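For reference, the chain that follows is the form predicted on its own, supplied as structure tokens.
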Amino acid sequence: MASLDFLDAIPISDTSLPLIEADNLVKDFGEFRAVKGVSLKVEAGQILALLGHNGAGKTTTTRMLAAILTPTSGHAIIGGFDSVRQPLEVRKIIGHLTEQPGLYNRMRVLDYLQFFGELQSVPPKLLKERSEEMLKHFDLWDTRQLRMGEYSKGMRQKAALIRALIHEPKVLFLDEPTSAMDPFSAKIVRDAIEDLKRSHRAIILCTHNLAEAEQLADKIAIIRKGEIIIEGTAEELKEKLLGAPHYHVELNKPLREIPPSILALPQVKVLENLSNGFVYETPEPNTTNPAVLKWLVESGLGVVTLSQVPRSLESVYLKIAGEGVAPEANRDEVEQSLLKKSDKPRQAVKM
């Protein structure tokens, strides 16, 4: 599948400052505080995945960043523009894909794109060229004579994504961009998002697809009850909340007991003894794993594999979701609470 090379990259000179910067955003709806002091930063060429349950505050946060909702307090700067004082300028440089696309069902897709392209002041010739290129790229060109009410949900989602891209925005807010898509269409969209990142755009991705978030995002922020409770790369979050990486040794014959020489290694903590191997933890794999292999060979044991036990972002998310941290705790208190709980001692391995 060809890349989105027909979309111009944002000039490097425009990317010296963060394209998305929020400082202590708060949003009240009457007596209900939906967002409680959200701060975040996304550089050009970065994707931030904003994760959380339904009702956690993701949509309210992105609507404030997109100059659709006015924050109760705090502020956001998007591409150099203040979202409160300069909302029109913000809306011209962003693309916003909502979870419910809100298409005009009686329109055909070319008319729909022309309508929104004209609202964004895209020159007519460029608008026509770009519409055709993107409809072909996202496999909708052959359906251009259908009314969008006849589209499947996945086709509607792709049409809405094209609408969000039609004016070449610097900043993108994408809410569940691959929901209800077949695997082939979802891959097209994920590839497109990676192309947009490479063209120096800043992207906030809201998704319940944790594998997708882990694949695409440079940073992960988890929001709960209106607060970002932890943020970092996927690997940083795994290390913080799941501890040191685990490694599985598979041997070519049954293992009655683990050699004492392995147990004596200072950086090895054996977690599980298996019928033909074992699982261990180490904070220093670069030095420890070669030592483990050396001792195994010297002990006359045939090693089939030594591999890291996969740890997913889903494991991190479920751990956080399962911890009963008080909602009124601030972000530092929440993170410290989670880290303390992740440091609980494990049961000793039965030999």
Partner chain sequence: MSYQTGFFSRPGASLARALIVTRRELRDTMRDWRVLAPIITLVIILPFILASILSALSPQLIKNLGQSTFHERLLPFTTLAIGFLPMSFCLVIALETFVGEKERNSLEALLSAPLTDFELFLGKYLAATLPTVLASIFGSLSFSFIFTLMGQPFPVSPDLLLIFLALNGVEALVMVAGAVLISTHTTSVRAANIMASFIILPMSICVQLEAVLLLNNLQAGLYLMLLGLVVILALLMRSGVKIFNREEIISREGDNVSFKGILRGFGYYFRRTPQEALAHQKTGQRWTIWRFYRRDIPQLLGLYKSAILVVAISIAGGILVCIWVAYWPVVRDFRDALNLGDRLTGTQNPICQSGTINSITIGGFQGVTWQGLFINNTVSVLLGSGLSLISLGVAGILLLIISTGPVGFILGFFFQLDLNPWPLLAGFILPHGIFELPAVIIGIAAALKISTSVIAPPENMNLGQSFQFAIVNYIKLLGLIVPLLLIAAIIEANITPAIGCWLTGGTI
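Just so you know, these numbers come straight off a predicted model, no measurement behind them. Residue numbers count along the first chain shown, from 1.
There is also a form predicted together with the partner chain; it is not shown, and the following applies to it.
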Specify the contacting stretch among 36-44, 280-288, 23-31, 305-313, defined as having any heavy atom within 4.5 Å of the partner chain in the predicted complex. 23-31
From the list 255, 84, 244, 186, which entry has a heavy atom within 4.5 Å of the partner chain in the predicted complex? 84
Only one of 88, 264, 146, 211 has a non-hydrogen atom within 4.5 angstroms of the partner chain in the predicted complex; which is it? 88
Give a yes or no on whether every one of 63, 67 and 102 sits within 4.5 angstroms of the partner chain in the predicted complex by heavy atom. yes
With a cut-off of 4.5 Å between heavy atoms, is residue 119 one of the residues that contacts the partner chain in the predicted complex? yes
Do residue 96 and the partner chain share at least one heavy atom pair within 4.5 Å in the predicted complex? yes
Wondering, does residue 106 line up within 4.5 Å of the partner chain in the predicted complex on heavy atoms? yes
Can residue 194 be called a contact residue for the partner chain in the predicted complex at 4.5 Å between heavy atoms? no
